[in-house]
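Take a look at this single chain, the form predicted alone, given in structure tokens.
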Amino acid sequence: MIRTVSTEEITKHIREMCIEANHYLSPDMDQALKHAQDTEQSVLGKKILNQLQENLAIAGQEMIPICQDTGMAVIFAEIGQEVHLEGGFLEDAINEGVRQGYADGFLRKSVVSDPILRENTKDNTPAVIHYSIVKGDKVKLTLAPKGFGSENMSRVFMLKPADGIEGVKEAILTAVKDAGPNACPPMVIGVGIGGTFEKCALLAKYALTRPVDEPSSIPYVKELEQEMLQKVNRLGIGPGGLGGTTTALAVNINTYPTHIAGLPVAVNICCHVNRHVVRTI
């Protein structure tokens, strides 16, 4: 049975999601930060975490963004194959939602129309949109505004198969060490392993949208996530990069089949707010 979904409805949801993501911390991130506040062992680190909580409380009360960098809108649009879209072009509808959300939410417009000429588009469009066709008759939208303090610290490593899982671990630690305080820790670390050069980066980006309290369903990956979180937190970078035991709140890892000759690994780092909102239409 084909189900019809209006692109106007998609615009409406994207608009609301842009405002929600930039003003309110997601429930999983809220819990993770509160847990970090309770367990941080450094006096200065705990003070920084307290300040972050104060900032979040003020943002919610005053309806101001939880971070001044309201990011470039990244959207994962999963379209059920039984869905018929009507009312306009889907990409236009998504970008119109971003345009309205960033205008009505009084959010900073950070997108330039050309990477070299650098002229601001003045409405934070276009978004970066990843489409996939899935089973069913629903449209699942995941919006993740990505600030570039952390985005600039992300890395891709084209490892050799012989590097194995130890090479993957070293790649993750290298990316985090190089990022240091620049990614606004405590950070969330999205990791993509497998696929190709571009696929591992997409896996890492999507990993950031998984709730930080939901480990991988693959046993060895779940163990790797736990091990890497412990190792990252032993680096001593700490909240705000000022030292402490909470450098990261989570390490989320996605994997995908790859070629016999390769072991691509991407590390996509996100700051302490790790904004993400999911809606299903």
Partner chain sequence: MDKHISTPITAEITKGLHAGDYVYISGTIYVARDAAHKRLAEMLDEVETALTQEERETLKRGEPVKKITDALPFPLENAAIYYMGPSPARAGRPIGSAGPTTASRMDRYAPRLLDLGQKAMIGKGKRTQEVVDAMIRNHAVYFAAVGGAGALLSKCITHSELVCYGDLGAEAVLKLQVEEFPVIVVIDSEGNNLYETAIQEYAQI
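Here the structure is a predicted model, which means the values were calculated and not measured. Numbering follows the first chain given and starts at 1.
What comes next is about the form predicted in complex with the partner chain, which is not displayed.
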- request: Could you confirm whether K231 comes within 4.5 Å of the partner chain in the predicted complex, counting heavy atoms only?
  value: yes
message: Taking any heavy atom pair closer than or equal to 4.5 Å as contact, tell me whether G149 reaches the partner chain in the predicted complex.
response: yes
query: How about I58: is it within 4.5 Å of the partner chain in the predicted complex, going by heavy atoms?
result: yes
message: Taking the partner chain as it sits in the predicted complex, is F106 in contact with it (heavy atom to heavy atom, 4.5 Å or less)?
response: yes
Partner-contacting position among K160, H84, K177, K135 - heavy atom within 4.5 Å of the partner chain in the predicted complex: K177
- prompt: Which of these residues, E223, D30, D38, E62, gets a heavy atom within 4.5 Å of the partner chain in the predicted complex?
  reply: E62
query: Counting only non-hydrogen atoms, which stretch in 89-97, 193-201, 75-83, 179-187 is within 4.5 Å of the partner chain in the predicted complex?
result: 179-187
field: Interface residues of 265-281 toward the partner chain, as seen in the predicted complex [heavy atoms, 4.5 Å]
entry: H272, V273
